[in-house]
Every structure is written in structure tokens, then in C-alpha cells.
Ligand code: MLT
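Given as C-alpha cells, the chain that follows is alone and in the form predicted on its own.
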């Protein structure tokens, strides 16, 4: 199985266009030892030619241009991207669908009914795309049951509902529904090896713990280091858990949760521009290194 991190940043990327926080100003002026990052998305394949795209960020065009395996090879219009699985309906995970409107075939999109509802009403991308390439919507299970993507050989997907947050525009923002956010176990059928992908995760429920324990690689929510990180940065008073993200530090945080998992590659993704772990020389980054936890970056490739 091959995994390509197309984008590792949270909404706005890093640096964010209008942000002058310590991290964003530092990476712009070269003071910070850090890599820039576009907004979160990965691609997965079993053969290196046909890929499933997880989320479609606003940066998708640039991400695919820097990913040769996705480039057209057969005919005048083509792509290595054969389907899209949406984890949620967040703007930073779905706006890139508009960049894919030139497709000569309907986009094959796998998502929950709640995500379909959001993308047909509050942020009507599906309605808009009907006037371009069109879409074929495929509902995904919310109980961990398996589904396959036709044409993607040797991969099977298991999706389950997560406790996180629907986007601010959604009627479910403060009225959670199953399917507002999902996690996906990606399984290679021939080897049984698995990757768990959950870029938006507000609580470690029992089925999430089970997914952690079974996976050879975990790509999981790394948005915030601290619960009150945005307030400490002088940006706003929103707290991490209020936005649906479990912070890394503190009792019950992501570091503690991941430290209970052994013999597994652990990678944080969806990193907010305020997070000190972006600075590769920071004490927080050293703490992750000591715990055996990696920080994803654009272009990271994982093979299992």
C-alpha cells in the first residue's frame, strides 16, 4: 500500500495568508526551522497508478501538479485519481472539488449522508458540480463495515462515525449527527496491513482505540498542541475541543493516547499554523520525537 500526503496543514495552510503569528511570520522570514504546508489531503493506492483521494483541499491543483503519479497518462484527458472519499464537509476538505470540475466523467464521491446534505444545501458543491462534470454519490457505512471502490484493486475501506465537529456553516455544528465526521481504516486485502486516517478527531472512543491498536500506521488529528492555543496566540477564544480537535498535550491528550499504542507508525496530520510542533527545533517537537510520533509534511510518502 502506498500513501502520499498531499497536504499536511489545517485550514488556511502554513503560513496562512493573513496570519502574523509567531510561526507564520517566522517561516516567512526564515527565522523558523519549519516546512510550509498546504491544506490537508492524502492519496492512497495499491498499485501506484490508480489512487483514491481523501479530501479535496482548496490547494488540490498545486498538490496534484507536484504528484506525478496522478498526472494524465492515457488519452488527452485523464487522471490517476479514480475516486474521492470525504472525511467531513469542512471547507478546507471539500472546496478542491470545484478544481476537479474539468473531469470528463462524473466524480465518484464517497461520503456520509450528513456530508452529502451539507454539500447539497449550506455549501452546495454537489449542486454546482451537477452543471459541470456531475457526481456519483456513494454512501459510506458508519459502523466500521467495509466497502470497496471499483477499479481500486486490493484495497478495502472501513468507515466509522467520530465525535468531532461539523463545519460552522452546517446546521449540525452544535447538533451533532452520526456521519458529520468519519474515520477510515484502509486495508490492503492481500496483506491485511492497515492505515487509520482521522484528521478531525475530538474524542478517543472505544472503536477509535480499537482502530489504533490494529493499524500499522496511524494518520491522526494534529491540529493543536494546547486546548487554549488560539487564545494564547492572541487570535480568538475558541478552544480546541470546541472546534472538534483533541490537543496533543495535557492529560488524555493525543500524545498520551498514542503512547499506549506500540509497534505502530504514528503520524500527526492537519497541523494548524499556530501549533509549535511546526518548529522542528521547538521543545514541543522534541517531546513528540521522544514519544515516537512524527509530524506529516507535504510530499511525505508511506509504504506498507
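Quick caveat, the model's predicted, so the values are computed rather than measured. Positions refer to the first chain, counted from 1.
Omitted here: the form predicted together with ligand MLT. The next part is about that form.
Not one of 55, 116 and 179 is positioned with any heavy atom within 4.5 Å of ligand MLT in the predicted complex. Of the stretches 144 to 152, 89 to 97, 122 to 130, 76 to 84, only 89 to 97 has residues with a heavy atom within 4.5 Å of ligand MLT in the predicted complex. When you look in the predicted complex, the only residue of 34, 69, 243, 44 with a non-hydrogen atom within 4.5 Å of ligand MLT is 243. Within 4.5 Å of any heavy atom of ligand MLT in the predicted complex lies no heavy atom of residue 24. Using a 4.5 angstroms threshold between heavy atoms, residue 296 stays clear of ligand MLT in the predicted complex. In the predicted complex, at least one heavy atom of residue 11 sits within 4.5 Å of a heavy atom of ligand MLT. Residues of 222 to 239 include none with a non-hydrogen atom no more than 4.5 angstroms from ligand MLT in the predicted complex.
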